[in-house]
Every structure is written in structure tokens, then in C-alpha cells.
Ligand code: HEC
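Only one chain is given next, in C-alpha cells, and it is the form predicted on its own.
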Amino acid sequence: MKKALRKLTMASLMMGAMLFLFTTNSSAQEDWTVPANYKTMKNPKAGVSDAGNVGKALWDKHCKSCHGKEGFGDGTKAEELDTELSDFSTDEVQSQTDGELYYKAIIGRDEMPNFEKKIPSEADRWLLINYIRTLKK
């Protein structure tokens, strides 16, 4: 009986530790510190009309599969990820500076890949940021 109780206690402790690690990692995902030099970056394409729909084309090619057609975080690959995806239409996302969005969308981290090589044109990167702005509710 004592042996069974010890096993149960150990199992409970292990489950508690796993729960602690899971919640710790989850909240770490939400805290995405952007370097100051990116926070203050100015978008050289702010207010520029994207007549060629470059931003939308980049979204469709690189972002939509995870973030969804309208940026709700409901893309076809979203459920495969450990990271909870943000809803790009919310004030929480849209209130970030263009530089913050640039850092997160282009530099990435963890499951969010880096797109510096996949989107080599600086102008195109900013047109993608401009497109992200159109996802606001």
C-alpha cells in the first residue's frame, strides 16, 4: 500500500512540474520583447499605395497558412503549432509600431520563422507590414 501511495505521490509531483513548465512556456510566448531600435523604426512605405498587391501576395505566400486569410490566427497549419497565434485584427496587435510588427514578422523567433532571406526586398517587407495594417477590424 505504501509503495502504491509513493507512486501516486511521485506521479502527482511530476504532473505538477509539467503543468508548471507548460504554463511558464506559454506565458513566455506572450512576452515578445522587441529591441528599441526596431520599436522606433520608421516605415518608409507608410501610406504608399500597393498597386501591385505585393503585401497581400506575400501574406498569401508566407503568412496565411498559419495566421489565416484574415489574420485571425486560424490558418490551416495553426493547430500544428505549440504557440498560440495572435489575432492581427485586434487593437493589441494593431497598436504596435510598424517597427515592432516588422521585427516580429520579418525577424521572427521560435516557431515564427525568419523571413529575411525569403523576402529579400526591404520595400516588399514594408508592403507586407502595410498589408497587416489592413487586417484591423
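Residue numbers run from 1 along the displayed sequence. This is a predicted model, so every value here is computed, not measured.
FYI, the form predicted together with heme C (HEC) isn't displayed, but the following is about it.
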* Asked: Has each of V54, A57 and K69 got a heavy atom lying within 4.5 angstroms of heme C (HEC) in the model of the complex?
  -> no
Review point. Using heavy atoms and a 4.5 Å limit, would one call L127 a contact residue for heme C (HEC) in the model of the complex?
Key: no
* Asked: Should E84 be classed as touching heme C (HEC) in the model of the complex when contacts are defined as heavy atoms within 4.5 Å?
  -> yes
Verify the contact flag for N43: yes if a non-hydrogen atom of it lies within 4.5 Å of a non-hydrogen atom of heme C (HEC) in the model of the complex, no if not.
no
| message | Under a 4.5 Å heavy atom criterion, is T76 part of the interface with heme C (HEC) in the model of the complex? | response | no
Looking in the model of the complex, the residues of 111-137 with a heavy atom no more than 4.5 Å from heme C (HEC), listed in order, are E111, M112, P113, F115, I119, L128, I132
